[in-house]
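A lone chain, given as structure tokens: the form predicted on its own.
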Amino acid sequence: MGLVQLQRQLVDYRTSLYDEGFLDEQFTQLQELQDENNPDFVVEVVSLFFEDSERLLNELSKALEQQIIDFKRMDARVHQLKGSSSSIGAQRVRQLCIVFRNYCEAQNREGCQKCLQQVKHEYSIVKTKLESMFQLEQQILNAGGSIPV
């Protein structure tokens, strides 16, 4: 595949992530902070999001396995996940975290369990999609091209 085709594919793919609600304008703002002095800024920030999210999701899973659930502590973890999702523009994850927090506040174990599964699912999708986008960007750079804005 030629460079121009790769660049077109990237633009189309990125557009689809916005159109399908996976990303919002916060991701655009994140990209605008990247420059030639810090060319890996977005990948680094998103990688930190991945690490943090996986830790929080594991903690939430363990908390829901307990006989007695500390809903306040769970809510704090969901709040962290909502904040980090929001900071990179992971819109669907953020929206589910809002619902999740309502279940924590209501101390609804079943609602929390259902919501955790939904958050894990959306997180998995956005992670895969962002990794694919980063791989496409790397192919363009390896071919001597520049990343289209």
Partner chain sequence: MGMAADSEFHVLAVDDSIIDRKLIERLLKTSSYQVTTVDSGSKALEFLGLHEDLHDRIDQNTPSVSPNNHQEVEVNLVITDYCMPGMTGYDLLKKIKESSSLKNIPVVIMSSENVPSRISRCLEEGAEEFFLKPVRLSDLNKLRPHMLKTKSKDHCKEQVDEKTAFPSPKQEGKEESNNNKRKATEEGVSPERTRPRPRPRPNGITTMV
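Just so it is clear, the structure is predicted and the values come from calculations on it, not from any experiment. Residue numbers count along the first chain shown, from 1.
The following text describes the form predicted together with its partner chain, which does not appear among the structures shown.
Engineer: Give a yes/no on whether Asp52 approaches its partner chain to within 4.5 Å in the predicted bound form, heavy atoms considered.
Structural biologist: Contact check for Asp52: yes, within 4.5 Å of its partner chain in the predicted bound form.
Engineer: Does Asn38 reach its partner chain in the predicted bound form, with heavy atoms at most 4.5 Å apart?
Structural biologist: Output for Asn38 is yes: heavy atoms within 4.5 Å of its partner chain.
Engineer: Applying a 4.5 Å heavy atom distance criterion, does Arg92 contact its partner chain in the predicted bound form?
Structural biologist: No, no contact at 4.5 Å.
Engineer: Would Glu25 count as touching its partner chain in the predicted bound form under a 4.5 Å heavy atom rule?
Structural biologist: Yes, contact at 4.5 Å.
Engineer: Could you check which residue among Ile98, Val45, Leu57, Leu64 gets a heavy atom within 4.5 Å of its partner chain in the predicted bound form?
Structural biologist: Only one option qualifies, and that one is Val45.
Engineer: Which one of Asn108, Ser124, Gln118, Gln29 is close to its partner chain in the predicted bound form, taking close to mean a heavy atom within 4.5 Å?
Structural biologist: So the residue touching its partner chain in the predicted bound form, by this definition, is Gln29.
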